[in-house]
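Structure 1 and structure 2 below are two forms of the same protein chain, each written out on its own as structure tokens.
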Structure 1
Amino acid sequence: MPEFATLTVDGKTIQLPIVRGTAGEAGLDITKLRDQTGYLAYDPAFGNTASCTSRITYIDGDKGILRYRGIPIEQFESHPNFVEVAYLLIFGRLPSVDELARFSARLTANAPLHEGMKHHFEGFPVNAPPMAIMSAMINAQSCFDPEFLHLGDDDEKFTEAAARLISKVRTIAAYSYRRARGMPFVYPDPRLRYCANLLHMIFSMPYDQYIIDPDIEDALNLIFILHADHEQNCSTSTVRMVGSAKANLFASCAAGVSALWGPLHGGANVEVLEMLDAIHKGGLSPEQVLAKAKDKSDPFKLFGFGHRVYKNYDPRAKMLQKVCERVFAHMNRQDPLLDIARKLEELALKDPYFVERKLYPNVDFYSGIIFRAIGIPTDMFTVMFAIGRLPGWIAQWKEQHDLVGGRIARPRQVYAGTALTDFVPMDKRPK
């Protein structure tokens, strides 16, 4: 039986259909609100607006739940395989052994960049932001793959386009790293797996190939998995909005990179690391830091705690905390920033101010520290985030692309500017 909610406005009563998700969440269908009442729904930042229905990712922020295609995120921890999760997100199910092998082979085959692409890197200043390079080069890649600009309903062509983009984006990332440091490009090695190949292209030197540590490779796989999709966040919503105009996959994902660049989104782990570094250099104790964070008159901001969605412990942060401990133990190294992070977390989890406000560590709190331990520089953190998020963007683009009767995204606004006014000729304006 259909369910409805009743809304009364200006003495007129209408019925709004209730939409229920498979996990029990409910929403009000207001698609005809303006037609029926003349009113718009006003929701800045879309905090209470569902822009779509999706089968990809489920989040319950109150309970700290994250699932990919119904699978709890924690179940990927013991044997992390980013390529397998990418397949799951994009195609809606776990691959068979043969399907995973074929998809992995596609990634290997697509890893090299066209030689003409290398000239584009030479045109960027050596201090160009890596995220700017990534967005530009994803768009440039479409120039070398014009056959994928119009995918239609061709599943084989879509699969190849997805594999090409996922594979080449790590080569683009590695080349941008080496370009900024004046280092020669390193070609992908077809013998290596996805994450191992990325590490090889970033860190190998001529006649001195980077030795792939399986524990570091596993850590990078898990980081990418934990960033692979996260429902309708800023960058994902951007990809879907651009895609709603029937823009191609490359253009839509390039737009996602630009949205991810923001410090309130993909750049948040950079803010965390810079904060920890400032705390260390400033000689502040963790107790002093928390006191500053609670002082409303103090401009200090504590990054890495709290989340727009999670009102419980971010499940990704729990997993990354364990990965962080394993990586540092395996590498037998110390880092004062990790010590500060550990103490901040310990104190915050017992502090009534943070507990009452449900300000728990989020995924950004530990990801930057792990990248730092691996040797990834701060200006590459968001690039690494983008590599991990790409399968989610592709899955979301495909889901939106396949909608029957899908419409271009077109939010409305409540105009708050000057009312009717007249044009004043130049000779009559004040001098």
Structure 2
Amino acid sequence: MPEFATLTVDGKTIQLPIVRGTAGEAGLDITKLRDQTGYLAYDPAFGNTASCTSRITYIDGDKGILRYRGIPIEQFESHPNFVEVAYLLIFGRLPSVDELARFSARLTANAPLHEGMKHHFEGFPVNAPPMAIMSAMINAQSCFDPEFLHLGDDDEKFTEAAARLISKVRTIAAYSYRRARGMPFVYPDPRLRYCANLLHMIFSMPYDQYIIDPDIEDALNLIFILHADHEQNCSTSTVRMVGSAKANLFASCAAGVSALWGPLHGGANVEVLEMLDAIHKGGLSPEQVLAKAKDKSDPFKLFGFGHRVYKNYDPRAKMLQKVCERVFAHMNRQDPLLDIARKLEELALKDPYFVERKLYPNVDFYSGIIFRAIGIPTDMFTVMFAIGRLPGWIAQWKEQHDLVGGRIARPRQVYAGTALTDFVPMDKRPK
């Protein structure tokens, strides 16, 4: 039974169809608003706009709920397998044993980079930002895979393109790490699983194989799972926006990497570490950092805190905090930055500014400290986030790609510039 809300504007009453989701969310369909009333919907930064209906990820920000294809995120904790979750997100259901084995085999087969791709790394300066390298190399990969530029309805081709991207991005990440340090590239080892192979390509030396610690491998699987999708955030909306123009999967995901790089988004994990480091080096006390974050005349934010959607604890942050404690206990490590993070969290959670605004730690607050403990350098944190987020981007791109009658995304604007003026020839303009 269709439902409607009524809206009266300028004395005219219209009916707006109500769109209901499967978990209680509802939206007003305003697609005909302009035709019927002459008005646009005005929602800068899309804070209250559903840009699509989606079956992939559900978030209830007030209750701190996150589910992938209906499965609560907490249920992935005990046997974390990132490849399984990637399959779930992309294909809509958990894989059977054989399906997972076949998908894993595709990832293994796709791990090496074409020799031509490897030469591209030499063109980057050694201190190039790894996120710039990653975005560029994902686009470069499309030059080596022209058969995947038009996927049409070919499911087999899509599966291969998805596996290729998920696998190659890991090799690209490891090579950008090694390029930045002037170290030789280490080839992927087909005997290793996804996360173990990444650690091997990053840390092994030609005559000194990195020893995989299964607990660290599990931790990395869980970290990637916690980053794997988060519905219509900035980078995912970018991927869908680019994809809506029928741009290919590689170009769309490369755009997602660029969006993720921003310090208000995935780049926040780098900012968190730099903030904690500055406190550690005595630049600022935790109290001064909080005061700076609350000062409205200062653009500084408490990085790793706050979220557009969560007005409760980010469930990913809660789980990462546990991973963090486990990794440190397992490695028998101390890190003064972890103590500072705990102190900042404690202070912020009882500070009226943060309490009133419902600002809690987000996924970026603890992830960097864990990466650091594993030995990943700060400039690689957002790259690690991108590896984790890739299956989500692919799933969202595919959902957008398969839309029947899907249109190019094209927001409107309320023009606020000079309404009309005349061109002035150069000889009549002031010197």
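Rigid core (definition): largest C-alpha set, two forms, superposition within 1.5 Å. Note that the structure is a prediction, hence the values are computed from the model and not measured. Numbers given to residues start at 1 and step along the sequence of structure 1.
Looking at both structures, it is structure 2 that matches the form predicted in complex with acetyl coenzyme *A (ACO). Taking the rigid core as fixed, one finds a CA shift for S285 of 2 Å or more between the two structures.
Once the cores line up, the CA of V355 ends up 2 angstroms or more apart between the two structures.
Once the rigid core is used as the reference frame, the Cα position of D314 differs between the two structures by less than 2 Å.
Taking the core as the reference frame, the CA atom of L344 shifts 2.5 angstrom between the two structures.
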